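Only one chain is included here, represented as structure tokens and corresponding to the form predicted alone.
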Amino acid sequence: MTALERALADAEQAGIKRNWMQVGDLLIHYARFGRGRPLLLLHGWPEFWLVWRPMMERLGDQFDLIAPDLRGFGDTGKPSSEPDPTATADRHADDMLGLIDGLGLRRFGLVGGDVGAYVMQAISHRAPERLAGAFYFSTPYPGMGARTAAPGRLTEVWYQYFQQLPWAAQLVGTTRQSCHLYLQYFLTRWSGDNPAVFADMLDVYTGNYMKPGNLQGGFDWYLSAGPARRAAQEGTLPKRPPITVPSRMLWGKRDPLFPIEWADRLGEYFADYSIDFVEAGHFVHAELPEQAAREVRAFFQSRQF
């Protein structure tokens, strides 16, 4: 049994149920645990649904936790075998609203970060009346603008351009070792250079991304988001009205991707938000699961849905 198979079997033993749902052209894989008010948990890159297990086990007594693999990731389908430039935040939002509709849910809460944070913002613009709130970890948002492409940032963001190359996934996935090394770099670096955070999960993540199509599926996000990212950097991205959905943010003080100083323009994009900065890197939910779960619980406990 591989490390990934053991991790999935262990999650099943803990009561986490996995299922699939057809939504349009996409067969979405999702995990579900707990009971109560529904929360949709949206992962980033290089994650997949299993990153949420520690949070799910801490919140399942009060919330119905739904953790899908986003389009192209994990065990969710791969509609195209070629690089797909259509996996934008809006496309992901369509997928997730279709999943929620298929589950028969009306109002729900959102929790996520990284790619998931972009999807959450797209859902917040599209269907604010359906959301009880949105909880973000280290939030990318358009107000970061040209700072993400400043010369001093190139050593942190090079991967966003590399992963748009049509042969990047093939190169990274040439061997299991090459995939392992690639993921290890990001999971460690983005955890504030703390290798202990994902040390026990590296083989699990490698097993997930070595599945056919999974590397390219994750890279498709960067290919799809490239034009909007460039427009934000150039200052030509059309500005949308501020998000009105009540939003809460935990931002890691040691996040090498998104320095805390970049939170300075959140008020231009979120009409109703609060934020705290915590002793973590980019993966606040994985680095501080106890604190993250406590904050999520407190935020959603007071909301009616």
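Numbers follow the displayed sequence, beginning with 1. Fair warning: this is a prediction, and the values are worked out from it, not measured in the lab.
The same protein has a further form, the form predicted together with another copy of the chain, not shown here; the description that follows concerns it.
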Partner-contacting position among T88, T206, S80, Q233 - heavy atom within 4.5 Å of another copy of the chain in the model of the complex:
Q233
Can you check 192 to 200, 105 to 113, 122 to 130, 153 to 161 and let me know which stretch has heavy atoms within 4.5 Å of another copy of the chain in the model of the complex?
153 to 161
Is it the case that Y141, even though its partner is missing from this view, gets within 4.5 Å of another copy of the chain in the model of the complex, heavy atoms only?
no
Determine whether any heavy atom of A149 comes within 4.5 Å of a heavy atom of another copy of the chain in the model of the complex, and answer yes or no.
yes
So which bits of 179 to 194 sit within 4.5 Å of another copy of the chain in the model of the complex, heavy atoms only?
L181, Y182, Y185
